[in-house]
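Okay, here we've got a single chain as structure tokens, the form predicted on its own, with questions on binding and movement later.
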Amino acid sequence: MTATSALSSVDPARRGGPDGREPREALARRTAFARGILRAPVYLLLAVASVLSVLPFLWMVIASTHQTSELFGTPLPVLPGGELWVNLARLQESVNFSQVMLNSLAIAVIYTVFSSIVSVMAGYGLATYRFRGRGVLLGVVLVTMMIPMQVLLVPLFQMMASAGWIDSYQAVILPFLANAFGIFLMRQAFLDFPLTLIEAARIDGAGELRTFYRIVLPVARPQIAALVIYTFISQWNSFIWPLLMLNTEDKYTVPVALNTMIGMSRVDYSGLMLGSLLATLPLMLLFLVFQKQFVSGLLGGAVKG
């Protein structure tokens, strides 16, 4: 085989053309390298932001294992200490932390279940049923999202007092079961659902509830998962309303109980950090387990409609 025939048998993509242009593979490598150089500042910025976002949680872990006096010493502790179990025992003795964790868990679970049911059914009705005033009703729901919580505190407190529900869990749960954000999220999720499937189910003799549970709900599982996570986290972190409603220490939720550790003259920062850490762990675990459903549910609700 001559040199000319050997050269002609080489893939043109791997050798330069007659006009002197560089091979495609070399050009692709140079392009990828250039893109990497251009993106380097973005990656660096994201890395710095990630470290800064982790630092508060890391400090909370370190502070929960030291005495309060050590947190204000010089130099600041940068490694975990050996006071974790001492702080945990003091936290349990101070606010009965195990009980308030159970209180928060019970309230958050009950609220999440019933609020999700209301949001899913209301969103389904606004998305699939055609009735007079549907647009106005949706507008009213959206307007309620703009009302500050502080505006509702006094009238809601008067309503709960008139019903005799002060210092009860139903006063914490019931007033906010209809979640405007949840209703809007589920409406967006159901907007693109094919109505022909619903009509076909009705023709086959399926009732409204059976059609809803057997045909519609399985399609909206990612959005429902996102709704459940959002609702649980919002109720778990709720502070102002439980603080107004609950007067008995054994009925306190975690945010209210931790607030009692902030005194006028002395603050147990180590116990406060440990309590905050323990209160954060269930939320982190919940998000890590359902992260995929949470993100896909929010994105799915955002691009429809």
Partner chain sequence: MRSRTLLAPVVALAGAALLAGCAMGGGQPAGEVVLDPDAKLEGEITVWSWDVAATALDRLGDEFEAAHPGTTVNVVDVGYDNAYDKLSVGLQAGSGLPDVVTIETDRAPGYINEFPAGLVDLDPVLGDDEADFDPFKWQAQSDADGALKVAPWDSGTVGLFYRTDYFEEAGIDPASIATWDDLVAAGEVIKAKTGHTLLSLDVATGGGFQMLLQQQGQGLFDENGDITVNSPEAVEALTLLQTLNEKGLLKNVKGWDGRVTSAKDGDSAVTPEAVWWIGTLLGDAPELSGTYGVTELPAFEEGGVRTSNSGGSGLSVPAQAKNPQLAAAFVAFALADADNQVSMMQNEGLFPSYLPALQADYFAEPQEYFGGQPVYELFAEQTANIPAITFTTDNAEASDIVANAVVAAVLNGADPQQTLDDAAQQIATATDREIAE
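Positions refer to the first chain, counted from 1. The structure presented is a predicted model; accordingly, all values stated were derived computationally and were not measured.
The discussion below concerns the form predicted together with the partner chain, not included here.
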Each of 72, 252 and 265 near the partner chain in the predicted complex, meaning some heavy atom within 4.5 Å? yes
In the predicted complex, the residue from 152, 89, 178, 215 that sits within 4.5 Å of the partner chain by heavy atoms: 152
The one option of 195, 117, 84, 161 with any heavy atom within 4.5 Å of the partner chain in the predicted complex is 161
In the predicted complex, segment of 103 to 111, 183 to 191, 222 to 230, 152 to 160 with a heavy atom within 4.5 Å of the partner chain: 152 to 160
Tell me, yes or no, whether residue 244 is in contact with the partner chain in the predicted complex, where a contact means a heavy atom of each within 4.5 Å. yes
Please run the contact check for residue 136 against the partner chain in the predicted complex: heavy atoms, 4.5 angstroms, yes or no? yes
Does residue 276 reach the partner chain in the predicted complex, with heavy atoms at most 4.5 Å apart? no
Report whether the minimum heavy atom distance between residue 147 and the partner chain in the predicted complex is within 4.5 Å. yes
